[in-house]
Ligand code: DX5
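One chain comes next, on its own, written out as structure tokens in the form predicted alone.
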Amino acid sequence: MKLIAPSILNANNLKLGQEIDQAVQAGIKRFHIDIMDGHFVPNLSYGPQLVSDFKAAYPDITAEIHLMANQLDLIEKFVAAGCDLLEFHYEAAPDQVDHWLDYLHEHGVKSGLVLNPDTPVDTVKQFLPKLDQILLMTVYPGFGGQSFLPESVERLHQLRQLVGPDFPVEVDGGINDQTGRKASEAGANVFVAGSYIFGKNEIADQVKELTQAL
């Protein structure tokens, strides 16, 4: 089963609720919420309050947090805000990965690990028993609207061979109807799409086009 998780980073902040509503009406069941601290990546985005507000408004929709931060103790704040799945970067603190994966499971939150384009795919092998999802970055993190890195296709093949046929493998960065199809064929089954979903044509039309491409 293929799942689209629109990134609200590319939505219009002044119309955020309206655009989320339109995506939900188009059949979206999960949203990708990028959290950036201005240090791990040179950009800033949302805080725990947005996640809390999101879950209050959409209790049955999955709030997926992509934490791009050096301070992994921020995880506690987003768990308290009610997120459903939280994925953080291996590169932020390699020696703390086990601790935070355990923390998430102890608090009933699904866990994910994120790999940057330069991080070897087999880095995740030792953590697999504790993971619910792996996010393979298909751009360098920090900004929306970047182009899909072609070498991501081979990395996806490697990761799929490592984790087996059904494990959730997510891709994030430059996903559109063409790159999404390539990523799908290479083994991805969860797709973060930001600028392709928001800010172009009707959101429902974009969701339909990407769904058909996958």
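Predicted model, so just to flag it, every value in this text is computed and none were measured. One-based numbering along the sequence shown.
A second form of this protein, the form predicted in complex with D-xylitol-5-phosphate, is not displayed here; the remarks below concern that form.
Relative to D-xylitol-5-phosphate in the model of the complex, residues 23, 62 and 211 are all farther than 4.5 Å at every heavy atom.
Taking 163, 36, 51, 186 one by one, only a single residue has any non-hydrogen atom within 4.5 Å of D-xylitol-5-phosphate in the model of the complex, and it is 36. Partner proximity in the model of the complex, defined as non-hydrogen atoms within 4.5 angstroms of D-xylitol-5-phosphate, places exactly one of 97-105, 117-125, 133-141, 71-79 at the interface: 133-141.
The closest non-hydrogen atom of residue 173 lies within 4.5 Å of D-xylitol-5-phosphate in the model of the complex. Although the partner is absent here, residue 158 is not a contact residue: none of its heavy atoms lies within 4.5 angstroms of D-xylitol-5-phosphate in the model of the complex.
Of the heavy atoms in residue 9, some are within 4.5 Å of D-xylitol-5-phosphate in the model of the complex.
The partner is not shown here, but in the model of the complex the stretch 184-214 reaches within 4.5 angstroms of D-xylitol-5-phosphate through a heavy atom at 192, 193, 194, 195.
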